[in-house]
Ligand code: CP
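In the form predicted on its own, a lone chain appears below as structure tokens.
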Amino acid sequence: MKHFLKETDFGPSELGALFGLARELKAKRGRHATPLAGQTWAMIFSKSSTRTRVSFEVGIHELGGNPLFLNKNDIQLGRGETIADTARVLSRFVHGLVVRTFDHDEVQQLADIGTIPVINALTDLLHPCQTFADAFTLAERWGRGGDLVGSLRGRKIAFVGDRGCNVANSWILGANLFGMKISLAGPTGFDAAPEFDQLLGREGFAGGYQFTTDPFEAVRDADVVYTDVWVSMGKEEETAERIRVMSPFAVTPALLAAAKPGAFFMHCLPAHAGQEVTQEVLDSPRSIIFDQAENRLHMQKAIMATLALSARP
């Protein structure tokens, strides 16, 4: 059974077909095959969402399936039923699971115990659907009419801000998978969690990134400047302190100008203008934030179609 819990669940040899399928589904939206026809995919969300929920619900529908949204508190999981029992029961009812939650171990358990494909739609550790959609967004520009995945190799991405957040973690893993360079800038103490460093080592990517406390050093020669909110869900009690220590790491026009000429600005959204990024950068022609958001739909459709095919007897 194939799952998508982390970037490296797709190997380098599979990326070309996956990215090509995303491009095909985007070009033929509404006129493509429906590999989820007759299937129901459940979506268990412990965290609120705009882009993730809408893109998955629409994507399942457009692939011919039926999306079933389950807030964690609407099912027995929210009243103490074990993840193991939830996995076993839902495997009898539905054909796939999309899970957005806090603890990464929850999606891992659902995948290990269940008998249907599981997709990580975000955990506190990783956000692989975002990274793949982001990479596809860049590949559309750099690999027009040619090798999408190959166009990423050798490019540099700079992540500025909370360099230990799930999107930063995922981009470290993704950059190494795609053959990109990555440099992360943020305050001391906001580094990758120990379990992420262990994961990186198991994947053979230990040392495949650079941490710095100088944002201008990080963006030097960068093809992409990326940031995320400074206060993620579940960290609200740290808001004042996070804003204080991260203020020097805001993406301003001056910081973006220190990257390569023509470098793109990316943000997974929602953005807080005036905190991690200025409104001027968000509105810049070099900002591709809404292309990123749209491509969540197309890449996730490609992922679901691929997993559904792998699950067939």
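Only a predicted model underlies this, so the values are computations on that prediction, with no experimental measurement involved. Numbering starts at 1 and follows the sequence shown.
The following text describes the form predicted in complex with phosphoric acid mono(formamide)ester, which does not appear among the structures shown.
Highlighted residues 51, 127 and 296: every one comes within 4.5 Å of phosphoric acid mono(formamide)ester in the predicted bound form, counting any heavy atom.
Remark: of stretches 42-50, 277-285, 250-258, 26-34, the one touching phosphoric acid mono(formamide)ester in the predicted bound form is 42-50 (heavy atom within 4.5 Å). Not displayed here, phosphoric acid mono(formamide)ester is approached by residue 269 to within 4.5 Å at the level of heavy atoms in the predicted bound form. Although the partner is absent here, residue 104 lies well away from phosphoric acid mono(formamide)ester in the predicted bound form, with no heavy atom inside 4.5 Å. Using a 4.5 angstroms threshold between heavy atoms, residue 100 counts as touching phosphoric acid mono(formamide)ester in the predicted bound form.
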